[in-house]
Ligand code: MTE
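Next up: a single chain in structure tokens, the form predicted on its own.
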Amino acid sequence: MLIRQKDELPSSEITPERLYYNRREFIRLAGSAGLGLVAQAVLPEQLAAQERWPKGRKGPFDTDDEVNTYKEITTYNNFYEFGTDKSDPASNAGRFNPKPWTIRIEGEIKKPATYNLEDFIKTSKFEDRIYRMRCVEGWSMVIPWRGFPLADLVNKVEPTSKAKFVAFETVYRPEEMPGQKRPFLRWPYVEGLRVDEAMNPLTLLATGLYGKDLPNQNGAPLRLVIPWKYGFKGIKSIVKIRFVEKEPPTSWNLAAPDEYGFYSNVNPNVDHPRWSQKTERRLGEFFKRKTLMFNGYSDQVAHLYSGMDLMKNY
């Protein structure tokens, strides 16, 4: 009598160990609440096995946290220029044209200039970095960015001694960015950093993610990435950078100064007036985790705020 052996499952159909234990723990807790095996039917879609990138790499700036999927990163976004719902940017950014692109650099610098982004990219040293990114609403992602240090641009334009801050401005194209037709915020979107924050090695001007050019909904073709600050500081689709002597206005601080300060450092000890900042939910995970001071980058940036009252300078 011949007994047919069950074909071995291909590796693509085997649940990764991390996801297996996530599912098992979820089902165990749900079962204790009386939900039993029905819990498996309501597992988040993000727990399905998906490819992660990059693999087998660890750079000096990279976090050890697991990277979110390309789909998660590009379909759940805050970009009010395309709408206020998290799905609006991916749905409404198709008409936006990021090429060609120019950036004006001006203010208290020795070498003001207007750069064609494509030409500037050719002379820039690109890096891939895996950063934790924390949003003020209590959710977070881990994103593999591609870009170049903002410090490279700062050094290129040679700020004068009067330059204390760097101001950024987003493009204003209401015909391509439907959110700009509505008064959610004052348009165009503006943001700012101190010069020493701009010069920190972690601060990145990003032109891509997952090894590809930035999608429109993620800030194409050029956006700011400051991983120890809340996500709204990462201004997108930048067209102007100005070096100034006084603290520049920022969009969310103009809209709600009691809720959004200039610094906007990730700080679990300073709650938003309408919600706690002590915990966060990583996109794709079921359980919350504790929020880390400076989003886990204290070793690299805490010295920037030595002696400052971080409760007052939120």
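The structure presented is a predicted model; accordingly, all values stated were derived computationally and were not measured. Residues carry their position along the shown sequence, with the first being 1.
If you look for the form predicted in complex with the named molecule, you will not find it shown, but the lines that follow are about it.
Looking at the named molecule in the model of the complex, residues Y80, C135 and K236 each place a heavy atom within 4.5 Å of it. In the model of the complex, at least one heavy atom of N218 sits within 4.5 Å of the named molecule. At least one heavy atom of T170 is located within 4.5 Å of the named molecule in the model of the complex. Contact annotation for F232: at least one heavy atom lies within 4.5 Å of the named molecule in the model of the complex.
In the model of the complex, the named molecule lies farther than 4.5 Å from every heavy atom of Y210. Distance criterion of 4.5 Å from any heavy atom to the named molecule in the model of the complex singles out Y189 from the list F243, Y189, Y131, W228. Heavy atoms within 4.5 Å of the named molecule in the model of the complex map, among the stretches 80-88, 155-163, 113-121, 97-105, onto 80-88 alone.
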